[in-house]
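Coming up is one lone chain in structure tokens, specifically the form predicted alone.
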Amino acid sequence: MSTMSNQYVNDLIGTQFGDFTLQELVGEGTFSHVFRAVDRQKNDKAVKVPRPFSSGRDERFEFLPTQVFIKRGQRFTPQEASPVHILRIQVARTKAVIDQGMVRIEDYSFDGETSHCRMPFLSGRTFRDYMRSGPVPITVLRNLTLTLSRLNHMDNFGYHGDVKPENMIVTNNGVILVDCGYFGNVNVGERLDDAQKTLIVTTPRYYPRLLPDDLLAFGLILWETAMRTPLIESVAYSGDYDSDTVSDRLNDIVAEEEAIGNFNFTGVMGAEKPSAVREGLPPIIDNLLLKAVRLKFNDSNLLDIDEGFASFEELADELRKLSQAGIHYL
């Protein structure tokens, strides 16, 4: 942990937020620290406190950063953001959701230095740690698919927006999602161009086209689960790949994304057939993973765009077929 971050966290331990006193740091993300806190009756809760802009990263916690972009017209630009503002967005998007697969917001305050939100304390580990501990049961993946299906069908929710292994907590009672992303209007001002600004809070590794597409995000997580490595690791450029191995259609889509300042999607050009990387994978998994990330190899054996799964329900059905075929882990 950096000296500044260490001092900041140490100063918070023992302080009170509402009826709860912070006991220990249990996690952190790009914009917040998460503490275990207790009240006088020794009830455990999780309290999330926004980071100061100057706070460093704790080396005990590994996480893939959430990023912020502004979209003006059709062009994307990386953006700095206030951790308190991001927490406001997360609370606003989560507080009305009642579902066993989404963490519940119990209390919150945005009063200067005491800004925080309180949630149930989840005893478990992130899906990132769960993946690294060994093959993941198909039943866990299918249950996650059904959870995301329910959330996507909620009129007051619609999308999570930052589905990634760090934002899924595996507990004894199932997998619970935390920390929503956001795709929406910036506060509209008086100037005409203000109404055209969109704020995007997400993780491009799983939302590479910077759209609120939970289905593609989960497909990329399935790929990473099975292949032990992400399909998209970092910003890339089309010149880094052999365009002769990619269809004209995919080349055109990548060029369109790069032209509007989005170099996150380009990494799909490096995709290979899963069974060519992990020997022994059956064709049913080849087909599942490629379709989940909306890719295929066409009749000329060039990497091409595919329509993918139409819904989480369709993907859940394909996962069920894996179990019926005797494949119980990815």
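Residue indices: 1-based, along the sequence shown. Here the structure is a predicted model, which is why all the values come from computation and not from measurement.
Below: the form predicted together with a small molecule, not depicted.
K.L.:
Residue-level question: is residue 213 within 4.5 Å of the small molecule in the model of the complex, judged on heavy atoms?
P.N.:
No, residue 213 is distant from the partner.
K.L.:
Although the small molecule is absent from this view, report whether residue 29 comes within 4.5 Å of it in the model of the complex, heavy atoms only.
P.N.:
Yes, contact at 4.5 Å.
K.L.:
Examine residue 166 and determine whether its closest non-hydrogen atom to the small molecule in the model of the complex is within 4.5 angstroms.
P.N.:
Yes, residue 166 is a contact residue.
K.L.:
Applying a 4.5 Å heavy atom distance criterion, does residue 146 contact the small molecule in the model of the complex?
P.N.:
Heavy-atom contact with the small molecule at 4.5 Å: absent for residue 146.
K.L.:
Heavy atom within 4.5 Å of the small molecule in the model of the complex: which of 241, 121, 157, 183?
P.N.:
Only one option qualifies, and that one is 121.
K.L.:
Tell me, out of 68, 289, 46, 269, which residue has a non-hydrogen atom within 4.5 angstroms of the small molecule in the model of the complex.
P.N.:
It is 46 that has a heavy atom within 4.5 Å of the partner.
K.L.:
Please identify, from 217 to 225, 69 to 77, 245 to 253, 171 to 179, the stretch that has a heavy atom within 4.5 Å of the small molecule in the model of the complex.
P.N.:
Among the listed stretches, the partner-contacting one is 171 to 179.
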